[in-house]
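Next up: a single chain in structure tokens, the form predicted alone.
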């Protein structure tokens, strides 16, 4: 297909596609003449992936470049997971997190194979610190139940990964599952909160219609 068709089918302006190419996120097409190129279905799929990672996943162009390089490489899946996790995680200096919070997270994940520098470990510890600072106490196994839910979600991720056959498909699943999985889990949790609150406390009253002219 030519650039115009690629733009139409992907719903992406030509200028944006050319920007992806300049940023080395998208390979060039096959030259078919002076200032002309043909693009394949793989280009369409890559554009959709880029947009998903940026528009829904919230990744920067630099982060997208790193994860795409990981997908296209022969890196091991653990290495690809590491790159994907760091792409969606803030950089946290371990010295800024309390030893008590780190110990709490380590207790919550006891028996898990988690490195000391795992961004999730440090992020969770920072949140535990913040819970303490604002006076929120884990009374009924709050954090333990979150850890159990996280383990179930991770098992679902790996089960989906195992269902893919080739390295490229597995690499893309690692990245998409990590980046978009965070957004999916967050959205479902919000829906679940409304559901459980309605079961325990009753349905909220219907919102009054807005008659503002």
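The structure displayed is predicted, hence computed values, not measured ones. Residue numbers count along the first chain shown, from 1.
Omitted from view is the form predicted together with a further copy of the same chain, to which the following refers.
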Interface residue in the model of the complex among 37, 153, 40, 27, criterion: non-hydrogen atom within 4.5 angstroms of a further copy of the same chain = 153
Contact flag, residue 61 vs a further copy of the same chain in the model of the complex, heavy atom cut 4.5 Å = no
Please run the contact check for residue 165 against a further copy of the same chain in the model of the complex: heavy atoms, 4.5 angstroms, yes or no?
-> no
Contact of residue 31 with a further copy of the same chain in the model of the complex (heavy atom, 4.5 Å) = no
Any chance residue 72 has a heavy atom within 4.5 Å of a further copy of the same chain in the model of the complex?
-> no
With the partner left out here, if you bring back a further copy of the same chain in the model of the complex, are 88, 146 and 198 all within 4.5 Å of it by some heavy atom?
-> yes
What residues of 48-84, in sequence order, lie within 4.5 Å of a further copy of the same chain in the model of the complex by heavy atom?
-> 48, 49, 52, 55, 56, 77, 81
